[in-house]
Every structure is written in C-alpha cells, then in structure tokens.
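What follows is one chain in structure tokens, specifically the form predicted alone.
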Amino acid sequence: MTAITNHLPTAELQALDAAHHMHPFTHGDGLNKKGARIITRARGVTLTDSDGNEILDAMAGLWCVNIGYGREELAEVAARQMRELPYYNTFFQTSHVPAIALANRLAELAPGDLNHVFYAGSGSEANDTNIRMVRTYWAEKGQPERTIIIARKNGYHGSSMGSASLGGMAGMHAQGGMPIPDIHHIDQPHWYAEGGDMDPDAFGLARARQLEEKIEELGAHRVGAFIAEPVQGAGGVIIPPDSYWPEIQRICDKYGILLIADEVICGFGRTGNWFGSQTMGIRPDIMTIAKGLSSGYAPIGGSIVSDAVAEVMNGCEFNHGYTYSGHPVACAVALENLRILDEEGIVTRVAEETVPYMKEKWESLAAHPMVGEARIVGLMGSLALTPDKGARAKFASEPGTVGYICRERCFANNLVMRHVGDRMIISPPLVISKKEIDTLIERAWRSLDEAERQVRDEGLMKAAA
C-alpha cells in the first residue's frame, strides 16, 4: 500500500474541516474564516501540506515525534500486532505480551527504583491516575487526610478535569470549574520574567522555598505530593535556575511528600538524557510519561511508579483504569520506538553531538534586536521577545500579540515554531541533522527580522509601563 497522495483541493478540505471538525485550543470561528493548514504527509523533520509546501517541523508535532516521521518499522510492528492481537484489556486478571514487555523495558530505562508501570492513553489520563494514586496511597497508609497536591502556576499537566487542575494555566482554569478541590499552586521558577533584580540562583531558591511555605500553610499532615515538569514545556520552555531542583528535592524529602515528575515532554531523550529527572538530578516517586514514548505514532501514556509506592498500591484493589490501558498495538509501537532510540544511539548522539551544535546556533539568536534571551536545554529552546533587551521589558500590547506575529512569519517561511505569549519555542525531532539545524536557524532569523519590521510598522515596539 502506498501513501495517499491524491486528495481534494485545499479549499475544499478547509471547508469540510470548518463544517465538521472542532479543534483543540482554538477559536473556531477565527480558524474557520482563515482556513486550517492541511498536512498530508511527513518524513524525517519535514512536513508537506496540501499545497506541496515543505515545512521544517521544529515542534516535533506536539513535542512528541522524537524519532522523526516516516519510520516504516513502527508501521510494520503496528500491522503485525493488529493481525496477532488487535486489542485486549488488562482488567479481569489478564495481561498480554506487549504490555508486559514494554513495562519491563521501561523499568530498565527509568532511574532509581521506578520499576512499575500503570498504563494510560495519554499524559492527561496518566496525571488523572496520579491524583487518584497519590490519594489512595496515603489512605492505604492510614493518612487519608493527605489529599492535597501542590503544583506550579503556568505548569502544564494535561487538559482533562484532573490534569488541567494540576496545571496552573489561568486560561484553562477560567473554563469548566477548575481547579478541583485540594489542588494548590505556587509560583514558577521563571527568572527572566519574574526575577527582577535578584541573582538567578537566589531567585531559584526563593521560588523553591515557596513549596515549603505552602506545605506549612496548608499543614504538612494534609499534603500528599508535589508535581512539576523538570522543564516547563507548554509554559514557554522555562528552564529553572540551577539552585531550584536540589532545594525542591530537599523539601520533599524533609516533609515526606511524594515527588511527581511530569516527563511527558522531557522524557525519552528530549533533554539529552533518557529522562529530564536525570538532567535535573531529582529522584521522583512517580514519573508521568507519554508523547516520546511512542514518538506520537500511537496514543499511549502511563505512570512509572517507585517500589515503595507500588508496594502500597498492590496491597489494595485500585478501582481505576481505562479501556485502552496498555493497548497491545500502542505498546508494541512504543517498544519498537524505544528500540530505535536505543540501538541507533539517538539519545547518546543528541547529548554528544546535536545538543552542543544546536545550543551554539540557538543562543546566537540572542543577538537579534528583538530577542532578550535565548535559552535551551537538550532540544527544548525558547526565545523571549522584548522591546527593550536591557530591561527585560514586556511589550505594552496584549501578551501574545507580538509572539503571534512572529509565529505567522515562521509559518510563512515554512518553519513550525510555536509562540507562548511573547516567547517563541522549539522542540524538534531528536533526529534533526546539523544541516537541518542550520536551515531552522536561518528561517528563524528571517522570521524574526520580518516580525520586527511588522511590529515597528504597527507601532508595537513599545515597553509596558
């Protein structure tokens, strides 16, 4: 079977999309008026749209296509598994080979004593699992009052009721009655935007110590866990100061609360190690996984759980699970994805070759007149756009106005680079080559230049008061 290359004209596809397809995180009327970009195929780091444009995908889909597009091995594994066992559940005291094999491999890869896997269909589902697991864990230990989970403002943990409550995004909390009870938030470790005149390390300690202050405020006997991304992804690739995570770990240890590392974006090579927890030197009790687990080729997520937590959870009946928990096709695809990452040395190559090259090129963008900061860890990078570099100033316009202009110029230049407010972010496939990095940087420069001209022409190059 060959790829479907013949399709309706773009305008007709856009009309059908507008008529029937409701998009996530989208103003529907605005998109329907503009028309969606229709992606028809992809290979490596390159997307092709319905008009034949070839686009460098510097976001790896949605942070997930770590091994790049078009790997036939994953299609073959999926087809073979569908013929052999297309579906069976893991309820009712049953299991199957793909779920067993993948759990074993994840236990081998995960750091420390993270040796147990509870499957989900996505990161959102997995973080909903974590809420129930934390509360059940403490109830089984005779401390049912420890129901509170502390998270961070501007963190992202998914978009279901539970996971979006864990996340600290005000726009999400404004819709649908979130956060749910007993979820509390502390400030993010975002020195560039919120550090003022403080030294970064002093700021990192101050933000970490908000966790201790919040625990004391709420009562240590009521707090069950703290959840955070090693590096905030959807919040704008916020890389914490070096002082931050060691202090967070100290506080979690001191009060005996569980540490949940949301590795949905950071996991499977994104930060230059298999997991962001290794990059940041932390010891989580639970890790949330998804995205890069299958490189986005099949929907799958899960929670990797420590021996101590699993021992307690295995002592009771955990009344929780999903129809597609440990779906055999998704597990088989994920296992093949992990094989490719490992046997082709992709994670090692990222750390030793790709990251140093990308870091040098990416940080050179800080020389642009509209860039106040260019930060990167592994293959997660961000640019802070500003009208005044020296003051780290925000634009006077509504947040995101300038970022959106820059994003549109990126798309016009066949580069997928996302904006979060007035920050531009990237997360390319781990297989990106040095030549492709050069193309990414060249298109980024051109887009920044064009955005700056438009911002100046529209009178937007003004700092907030």
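For clarity, every value in this text was computed on a predicted model and none was experimentally measured. Residue indices: 1-based, along the sequence shown.
The same protein has a further form, the form predicted in complex with a small molecule, not shown here; the description that follows concerns it.
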Answer range among 109-117, 96-104, 157-165, 334-342 for contact with the small molecule, defined in the predicted bound form as heavy atoms within 4.5 Å: 157-165
Taking any heavy atom pair closer than or equal to 4.5 Å as contact, tell me whether A234 reaches the small molecule in the predicted bound form. yes
Using the partner position in the predicted bound form, report whether N127 sits within 4.5 Å of the small molecule, counting heavy atoms only. yes
Proximity of D285 to the small molecule in the predicted bound form, heavy atoms at 4.5 Å: no
Partner proximity in the predicted bound form: A396 to the small molecule, non-hydrogen atom cutoff 4.5 Å: no
Though the small molecule is not shown, can you say which of V329, A384, I248, I265 has a heavy atom within 4.5 Å of it in the predicted bound form? I265
Under a 4.5 angstroms heavy atom criterion, identify the one residue in T279, T136, T90, S122 near the small molecule in the predicted bound form. S122
